[in-house]
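What follows is one chain in structure tokens, specifically the form predicted alone.
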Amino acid sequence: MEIKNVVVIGSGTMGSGIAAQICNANIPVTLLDLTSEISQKAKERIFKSRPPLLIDKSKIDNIKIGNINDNFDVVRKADWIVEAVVERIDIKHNIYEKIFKNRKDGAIVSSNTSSIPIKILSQNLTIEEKKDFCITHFFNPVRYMDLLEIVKSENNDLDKINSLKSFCEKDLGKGTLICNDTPGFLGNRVGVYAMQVAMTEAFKMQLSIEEADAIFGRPMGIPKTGVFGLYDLIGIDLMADVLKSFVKELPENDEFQKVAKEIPLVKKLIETGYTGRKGKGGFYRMNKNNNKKILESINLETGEYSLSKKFNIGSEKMDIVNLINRKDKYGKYAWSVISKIIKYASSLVPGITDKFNDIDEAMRLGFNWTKGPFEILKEIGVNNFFQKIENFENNNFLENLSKTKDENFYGERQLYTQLETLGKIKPKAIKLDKNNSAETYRFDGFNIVEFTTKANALDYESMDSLKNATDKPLIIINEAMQFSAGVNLSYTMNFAEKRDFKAIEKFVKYFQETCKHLKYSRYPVVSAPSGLALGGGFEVLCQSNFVVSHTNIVVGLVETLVGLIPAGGGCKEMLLRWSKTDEAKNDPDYAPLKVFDIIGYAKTATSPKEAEPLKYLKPEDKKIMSRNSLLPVSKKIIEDEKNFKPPEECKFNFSGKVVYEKMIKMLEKLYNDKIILDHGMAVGKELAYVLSGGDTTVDKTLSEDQLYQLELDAFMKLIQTKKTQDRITHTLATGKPLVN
């Protein structure tokens, strides 16, 4: 069936998020609550949300509002009605009675519950009504979390369930998994268990919370919050409620029961208001010392807080095999946690799903893990795993695998989608070239480059991979959360601290050469960004020939925040884009002044809709709701560009000193108003010199290479200053800009 109209009942966090995402898909949606005032406030929250729930804020009025008493007749026109009210079964049953009395024949009805089984939700429904009822469990925030679990029952019309799945994947951009009606479904059942194992093992092995978070984090392919940081983020009290629900729903012999037992320290934290970031603090808390904020952490044995000490395990890249083989308490902790997660996840097959790799996809899409438990098992190696594991009684999956010892047990990835995703195509590569920063997958008609560093930050080896992959049409795409957060600042600062500025200059030149090589390559280059595409990441993107952008991007040139200017062609490309406007044809200063404003303020866009007016994206760039479609659309571009010709090199004409002085006046006003300080003024002057064309006049023509040289000269002047180095050091340590 076709879904053309949706009603969401319940305008809390989840209901609002679902309504916003349906609006993002250009589907008319009505948001109902107890009163219209409540719905109106929810609509206002959607409009003001940061990060924004709407891709295009101008479409806010496509979300209609109302209340369940006066406006319930809208249900009669809906193809899909989503219930997202409070987790009380009596309230839900009353809502369903009202919905099924008013819905049109065949309309789908679903609940966004995260904990109540479908058999209880639907117990008052007729057999015919049960055919059209399911659970659609979105993850928060709905726009940014890819996972959607559709929970089916034995009564469902499976054609209708598959139709809903197709709509949610294609139109809402969700990684949609169909699963059975079991407690916690797929993601939460394994994800919450994993968190509890990581926590209880840390208590048992007397690790500090910093040690546990450092291991149960990036080295395991898990977000850097770790377990205790994630507990604080979610809310310690909320997690306690989740655990109580699992304890109630799961049988007594389920392994989950062992890790869900109440921990005295956790109970004490909740009772004293230490419920996490929303409370007075949690496992971590902010405190003041001499009027300065300091981060403190709790001692798991004493319950006392002290200054938090960052723990460095020695690697932030995922390296499971070396991690579990460490001959220290950290290796022991890692193996204990990983082996228990693998055992538990495999014990659930086929109970919660008959496709074991759907569990991996749930962890990747819903918890941002790099690899799920079965992929981790594959990475460890079947033989290695069974040599290390102690017991796995009554685990049919592992018992069978222990007999076959099949190292290739995994099969194809991402079975939940029919699309040809990056995850599916990588194993089919003819050849794989890799270094420490990127991997190049080589196929018959094209190459793929995937960055592999932390936040996909760029360095010399990233550039090597890009440059060497242009012997065929090239797609630059990543499975990780970010396209690229920019040039690796730590890499740059290592040279700066040694006063080896020649090495920095050599790298920036190579970065420029590589970007220029991409732009004028014999074969088409396609960038397919999702997540962050900032600084150097944007410079790679904007000097590709084609862009296929996911709607969930954050794009921009942010170098001024760390006391630098874009030097990989970012200034040049933005000048080129703004020079093509009608205004610039009549005013040679128009483009430099616009770009000065955009780069100077380090403006970013959080969607393609926001990116176009800044010219970070072009109207002809493809914008895609479903991340899984990035690769197929990129491949289609390559297939259509059999007669590709690289663009002609561009030329520039700027007024030099004339526009430079206009920019200086703008800087002086900002300085006098104390919006920028001394170094902000210095950075602004260097940016102004580059964007004005340097020592030029409007009748002189500048080449791209001359613009590259201006960028390089300004970058090198700034990187050698202590104040820029202070900015970089502060940002690396805190994640926040320093104003100096």
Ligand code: NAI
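Keep in mind the model is a prediction, meaning the values are calculated, not measured. In this text, residue numbers run from 1 along the sequence as written.
Just so you know, the form predicted together with the ligand exists too; it's not on screen, but the next bit is about it.
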(Q) Please tell me whether the candidate spot formed by Glu461, Asn488 and Tyr510 is one where all three residues come within 4.5 Å of the ligand in the predicted complex (heavy atoms). (A) no
**Q.** Candidate stretches 275-283, 542-550, 90-98, 578-586 - the one whose heavy atoms come within 4.5 Å of the ligand in the predicted complex
**A.** 90-98
(Q) At 4.5 Å between heavy atoms, is Ile38 in contact with the ligand in the predicted complex? (A) yes
Q | 4.5 Å heavy atom contact, Gln720 to the ligand in the predicted complex | A | no
Q) Does any heavy atom of Ile728 come within 4.5 Å of a heavy atom of the ligand in the predicted complex? A) no
Q. If you check in the predicted complex, is Asp33 within 4.5 Å of the ligand, heavy atoms only?
A. yes
Q: Identify which of Ser245, Thr604, Ser437, Ser114 has a heavy atom within 4.5 Å of the ligand in the predicted complex; exactly one of them does.
A: Ser114
Q: Would you kindly say which of Ile27, Ala682, Leu712, Ile68 lies with a heavy atom within 4.5 Å of the ligand in the predicted complex?
A: Ile68
Q) Which of the residues spanning 48-86 lie within 4.5 Å of the ligand in the predicted complex, based on heavy atoms? A) Ile68, Ala84, Val85, Val86
